[in-house]
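Here's a solo chain for you in structure tokens, the form predicted on its own.
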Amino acid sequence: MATEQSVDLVDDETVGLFTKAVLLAALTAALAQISIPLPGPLVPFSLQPFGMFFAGLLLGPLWGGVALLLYLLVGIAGAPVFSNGNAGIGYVIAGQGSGGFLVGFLVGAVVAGAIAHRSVAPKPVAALSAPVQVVALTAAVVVVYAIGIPWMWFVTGLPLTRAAAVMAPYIPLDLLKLGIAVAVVQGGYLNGR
């Protein structure tokens, strides 16, 4: 007499983390639409960094990176998920010189997750202290600029120092976003979600 056995190819925890990664990719896409186009060589001001921040803090380095990778791949495939409804591989590579920042968000989420969780497996977000979150997200911001500014220099032909000067006004705004992200996490608004 044959018996039926079900085999789970993927465990529930992996399904849950993948689901959260998809939701954070969608959140990043939604936040990217809240952006202000700026003239000249300036990249749009947007709320995309919140997606990177929350992906790293909530999901750790692996699944936080997966969330931002999904976001990038969907945009590269042609869905208008980048700031101001932009999309496509051409926008990432050349665009307004902002492709390096998009790639930087992916690497930044991995770095933030690695620093915050100190392991591949994410800890509950309530277990992350505020100073650790600040250090993790500050490192993510540094990574974004370390990738984005040379990319902008290469694509736009601006001198490297000029590209850095163009981006300098964004740094205080990103630090403000960082503070808001930490406040949201410390306020318990993302616990258990």
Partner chain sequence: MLSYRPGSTFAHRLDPRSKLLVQFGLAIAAVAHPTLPWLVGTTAFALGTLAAARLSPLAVLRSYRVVLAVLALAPVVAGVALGPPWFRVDPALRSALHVGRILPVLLVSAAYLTSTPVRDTRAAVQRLIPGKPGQILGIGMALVVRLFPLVLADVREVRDAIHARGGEARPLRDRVRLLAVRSLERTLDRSDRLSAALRARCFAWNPTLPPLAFERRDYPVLAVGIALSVSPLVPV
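Just so we're clear, the structure is a prediction, and the values are computed from it rather than from any experiment. Positions refer to the first chain, counted from 1.
There is another form of the same protein, the form predicted in complex with its partner chain; it is not shown, and what comes next is about it.
Undergrad: Counting only heavy atoms and a 4.5 Å cut-off, does its partner chain in the model of the complex sit next to every one of A121, S129 and A168?
TA: Judged in the model of the complex, none of A121, S129 and A168 sits within 4.5 Å of its partner chain.
Undergrad: Within 4.5 Å, heavy atoms only: does Y145 come near its partner chain in the model of the complex?
TA: Outside the cut-off, so no.
Undergrad: Contact with its partner chain in the model of the complex for Q33, defined as at least one heavy atom pair within 4.5 Å: yes or no?
TA: Q33 belongs to the contact set for its partner chain.
Undergrad: Please run the contact check for L137 against its partner chain in the model of the complex: heavy atoms, 4.5 angstroms, yes or no?
TA: Heavy-atom contact with its partner chain at 4.5 Å: absent for L137.
Undergrad: Is A94 one of the residues lying within 4.5 Å of its partner chain in the model of the complex, judged by heavy atom distances?
TA: Contact check for A94: yes, within 4.5 Å of its partner chain in the model of the complex.
Undergrad: Taking its partner chain in the model of the complex, which residues along 140-157 bring a heavy atom to within 4.5 Å of it?
TA: Read in sequence order, the residues that approach its partner chain (within 4.5 Å, in the model of the complex) are W153, F154, V155, T156, G157.
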